[in-house]
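What follows is one chain in structure tokens, specifically the form predicted on its own.
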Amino acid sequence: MAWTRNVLRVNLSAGTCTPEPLNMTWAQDYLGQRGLATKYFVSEVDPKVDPFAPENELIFVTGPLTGTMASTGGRYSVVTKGPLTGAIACSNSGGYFGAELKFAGWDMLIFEGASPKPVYLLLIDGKAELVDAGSLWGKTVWETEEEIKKVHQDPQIRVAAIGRAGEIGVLYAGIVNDLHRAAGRSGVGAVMGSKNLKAVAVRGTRTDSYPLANPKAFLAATEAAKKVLAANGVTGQGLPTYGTQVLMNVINELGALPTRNHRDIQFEGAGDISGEAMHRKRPTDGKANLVTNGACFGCTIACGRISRMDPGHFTVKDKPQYQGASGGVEYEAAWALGAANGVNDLEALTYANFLCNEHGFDPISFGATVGAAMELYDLGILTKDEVGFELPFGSTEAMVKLAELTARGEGFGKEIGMGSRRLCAKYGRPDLSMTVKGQEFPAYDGRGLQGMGLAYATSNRGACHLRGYMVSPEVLGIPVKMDPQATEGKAAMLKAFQDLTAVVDSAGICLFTTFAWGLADIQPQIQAACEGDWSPERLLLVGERIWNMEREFNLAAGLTKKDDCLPPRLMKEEAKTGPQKGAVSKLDVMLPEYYEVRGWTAEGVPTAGTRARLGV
């Protein structure tokens, strides 16, 4: 499939849909998806733009391997300026929507302006039109997808939509496709809502219209790569069986599981909300939380979770719509909704995750913000009168209530919807926000895993584990085992991971493949799919170019070295228990070295030599 060479520019203010050719010079320099869309974005948008202004663009984009027979070749990304962070936002999703967009003949959709009324974009192969969405505004993601399929009488239409969270401007609202896959982080759904764009619905049948550069070589490369995935213990066994939840007990035992807003780094209830727990039969009905695993388009790993709740649980006993099977908790969501708040009720976590999927908001930022609110309450800064109910750590009822209120934009849910940085600043304790650049941490403590702390601090989209997954060397020993507490070599390893991740994200495949694949497995697939010479050295240069381009945008947007930081808690408060007891983050040691290996100044600015070498 490679590139279709087609871009659709949608001016929502004018109500027009205009095709244009893909800039193939840029495609050669930035490959696709994350890199290519970011190049378009930074070339067209003022870095100082208000994320909710019509001048901010929203770009849906595929990669050259999206829609191909490459394993996990179903990814797409959404690029914009994020309202949660004020930084570049690129949020990646799986499912089937990305492949369908490619099958309809489009590499990229660029949304400009803002519609005066709610609309959705309907794409049927090469035909595009904006459709009135007045009747859909206010509906959930699930209701929106069902209604669009019903109206167009086509159950095979793929839909990416926002829920109420995106409409009301929850700063971490996501865009949900295929009911429970999401471009979930940084508030891309809130930007979509600000444009009065309810959904993108696509149906594509042009699967053989865009030939690969070398189909025979591509078939051989993808088949060989699939065998590598199947033979690997993580991608062939651990992820299919337990999903990302395979990590819950592992990270907890290591002493790197952030608990109760990072007060602790081990959670006594981790076993109750783990991947193993999802397999256990409930005493109430004799069934397990996990129904089966699931796969995105073209995926041979199948790490997705499909869960069904206990019909007698207090959250769903009078809500039949949540008693069917849907997307179960992944590791990050289980941590944020559980350990971050001290909650160990797996069924309640599943319910809150259903709410996040149906209403379209990020469970990581939501759960972490609840954890911050619980600490404010514990310290007496927040009161019952302000919240509307008791909010102690460990309260399942309070976590669930806040999920419902945030989904509807009611009561204290409005405060939670602003994220923890704004919440904690409002109540005079900004130090209690566990964020970088305004985005909440994922499920690893930077004291327990020094490399992950550096990864959080330097991530271009705010705290993120998927921009440089240092858990691989520090926990799993991939590609080499590194001491979690060591600092030596972490900067160079992180740079390599960040550059490679940019390549993977731009190709249109899933980052989880890199548990088994190295560049030697990925490069032959790109080489056979895309015209031109895509040597390993060139691909890593592309990844480095993308990283520096994102950095340049953030600097122009007003971010500085001061934003490459971690909260005081991680720098000063020692870990209390476990193998990492006594640890604090050594970011001050690693950050200068990171700037040096990146070819940046001591202030974190790419040097003229680095910019010239990369052509940024």
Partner chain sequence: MQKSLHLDPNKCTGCLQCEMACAWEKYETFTIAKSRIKVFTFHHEGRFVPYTCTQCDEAWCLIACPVDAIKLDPVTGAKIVLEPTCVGCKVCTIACPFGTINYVAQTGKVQKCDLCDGDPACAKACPTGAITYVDADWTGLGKMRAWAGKTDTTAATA
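Positions refer to the first chain, counted from 1. All values reported here derive from a predicted model rather than from experimental measurement.
Just so you know, the form predicted together with the partner chain exists too; it's not on screen, but the next bit is about it.
Engineer: Just to confirm the contact call: exactly one of 212-220, 515-523, 168-176, 411-419 touches the partner chain in the predicted bound form at a 4.5 Å heavy atom cutoff, so which is it?
Structural biologist: Within 4.5 Å of the partner lies stretch 212-220.
Engineer: Of the options 255, 468, 204, 442, which one has a non-hydrogen atom that comes within 4.5 Å of the partner chain in the predicted bound form?
Structural biologist: For this set of options, the contacting one is 204.
Engineer: Only one of 364, 109, 398, 299 comes within 4.5 Å of the partner chain in the predicted bound form by heavy atoms, so just point that one out.
Structural biologist: By the 4.5 Å criterion, the partner-contacting residue is 299.
Engineer: Can you confirm whether 96, 226 and 308, the three residues that make up this candidate site, all sit within 4.5 Å of the partner chain in the predicted bound form, judged by heavy atoms?
Structural biologist: Yes, because 96, 226 and 308 each have a heavy atom that approaches the partner chain to within 4.5 Å in the predicted bound form.
Engineer: For residue 158, is any heavy atom within 4.5 Å of the partner chain in the predicted bound form, or not?
Structural biologist: Output for residue 158 is yes: heavy atoms within 4.5 Å of the partner chain.
Engineer: Is it the case that residue 49, even though its partner is missing from this view, gets within 4.5 Å of the partner chain in the predicted bound form, heavy atoms only?
Structural biologist: Residue 49 lies outside the contact set for the partner chain.
Engineer: Would residue 180 count as a contact of the partner chain in the predicted bound form, using a 4.5 angstroms cut-off between non-hydrogen atoms?
Structural biologist: Yes, contact at 4.5 Å.
Engineer: How about residue 430 - does it come within 4.5 Å of the partner chain in the predicted bound form, if we only consider non-hydrogen atoms?
Structural biologist: Taking the distances in the predicted bound form, the answer for residue 430 is no, it never comes within 4.5 Å of the partner chain.
Engineer: Using a 4.5 Å cut-off on heavy atoms, what residues in 564-596 are near the partner chain in the predicted bound form?
Structural biologist: Counting only heavy atoms within 4.5 Å of the partner chain in the predicted bound form, no residue of 564-596 makes contact.
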